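Next comes just one chain, in structure tokens: the form predicted on its own.
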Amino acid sequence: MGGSAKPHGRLWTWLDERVGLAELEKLVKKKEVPVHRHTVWYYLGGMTLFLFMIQVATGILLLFYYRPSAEEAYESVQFLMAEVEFGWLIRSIHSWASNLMIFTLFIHLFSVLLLKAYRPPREVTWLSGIGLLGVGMGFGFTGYLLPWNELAYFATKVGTEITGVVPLVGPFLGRLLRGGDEVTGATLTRFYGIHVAVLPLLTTLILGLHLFLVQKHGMSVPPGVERAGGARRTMHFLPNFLLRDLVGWLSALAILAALAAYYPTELGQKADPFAPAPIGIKPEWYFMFMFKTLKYLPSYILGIEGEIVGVVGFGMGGLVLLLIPFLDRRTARGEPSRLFTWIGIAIILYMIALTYLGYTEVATQ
């Protein structure tokens, strides 16, 4: 062992004796990635992870200045943007990285769905991926309120009211999120705790499981490529795939830097709970399709409040999405199946259409 590690130098030998670097090196060199016409979709997971790391790094920098109270939150962000050198840029990068991360998460999710990468034995990998999407949207929802500006305050008020209509547990969930009956400083403090402690802990656990399962089972090959037969081409993870992954990371970084520099995140007006809600209140784009659906529903459907029907419908839809690996039995048996492919395409088109309608209607108000 010592002889094989010697060419790496003393530091390598020292670390190898304590943490087993030689074994990790063998594992990395052994890992291979399938090469086919859909290989490009493999890079989305790494890109999402890269954007999450940027979120963590910029979030830590913001914590040095942020004060989580209704009296000081807005002023602390204002000071960060106006007085701290490059503070405005750090906040813009954090905000845009959040949006890009959720965007790549959605694309990654639907690429996995359409390429049927949830087939056995990758069911738990799919479940952990859905969990990461939910946590990512939770980050967006809780982080939106933290600047304590006008738009964030009233958007959070609307969002928590929707939570309150969930049958049976709705009132409890609403009070749990708000820390009371109204959106107040207690809500801000609660969202801050969830944003910087609870969700990062969940992310660490679920992400660790997800990465472990990806390494254990490797990259899935789409059924169409498998049925085509022939010799399966592969590339080594190190350095071939990793270098291509780095190109994706640098591309994401370039897009992120351009958005943060040319379209910096604005702070707006400080929240005033006693002021009327401003025109154009809207949720983040990844909640817009749900928001507009609830707006379009009639007041009552078969004697049940339309909002309740909508919330329950989204809950059932999320459950079906979660259980797709267990519902798509034909794909699990290796048989051709297009039902869940068309379901995935329908979900994508529905989300795009409702999001577009939401923003065009807001723009014309």
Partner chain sequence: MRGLVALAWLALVGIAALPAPAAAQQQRPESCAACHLETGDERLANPVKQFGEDIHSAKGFGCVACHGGDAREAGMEAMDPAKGYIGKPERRQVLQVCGRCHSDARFMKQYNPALRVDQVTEYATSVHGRRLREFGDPKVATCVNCHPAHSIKPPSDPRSSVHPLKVADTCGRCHGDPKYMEAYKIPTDQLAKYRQSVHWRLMSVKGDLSAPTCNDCHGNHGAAPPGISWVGNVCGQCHTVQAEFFGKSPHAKVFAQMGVPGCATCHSNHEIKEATDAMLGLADQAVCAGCHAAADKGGKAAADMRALIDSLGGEYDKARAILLQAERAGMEVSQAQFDLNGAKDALVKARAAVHAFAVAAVKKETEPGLTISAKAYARGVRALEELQFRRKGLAVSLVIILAVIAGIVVKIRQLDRKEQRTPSP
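Everything quoted here is computed from the prediction, not taken from an experiment. Positions refer to the first chain, counted from 1.
Below, we refer to the form predicted together with its partner chain, which is not included among the displayed structures.
*Asks:* If you check in the predicted bound form, do 114, 309 and 320 all have a non-hydrogen atom within 4.5 Å of its partner chain?
*Replies:* No, the candidate spot makes no contact with its partner chain.
*Asks:* Is residue 177 near its partner chain? Define near as a heavy atom within 4.5 Å, in the predicted bound form.
*Replies:* No, residue 177 sits far enough from its partner chain in the predicted bound form that none of its heavy atoms falls within 4.5 Å.
*Asks:* Under a 4.5 Å heavy atom criterion, is residue 244 part of the interface with its partner chain in the predicted bound form?
*Replies:* Taking the distances in the predicted bound form, the answer for residue 244 is yes, it comes within 4.5 Å of its partner chain.
*Asks:* Is residue 126 one of the residues lying within 4.5 Å of its partner chain in the predicted bound form, judged by heavy atom distances?
*Replies:* Taking the distances in the predicted bound form, the answer for residue 126 is no, it never comes within 4.5 Å of its partner chain.
*Asks:* Whether residue 239 contacts its partner chain in the predicted bound form should be assessed with a 4.5 Å heavy atom distance threshold; does it?
*Replies:* Contact with its partner chain, yes.
*Asks:* Scan 78, 99, 163, 293 and let me know which has any heavy atom within 4.5 Å of its partner chain in the predicted bound form.
*Replies:* Comparing distances to its partner chain in the predicted bound form, the residue within 4.5 Å is 78.
*Asks:* Please identify the residue among 264, 218, 138, 131 with any heavy atom within 4.5 Å of its partner chain in the predicted bound form.
*Replies:* By the 4.5 Å heavy-atom cutoff, the listed residue in contact is 264.
*Asks:* Tell me the stretch among 105-113, 193-201, 179-187, 252-260 that has any heavy atom within 4.5 angstroms of its partner chain in the predicted bound form.
*Replies:* Correct option: 252-260.
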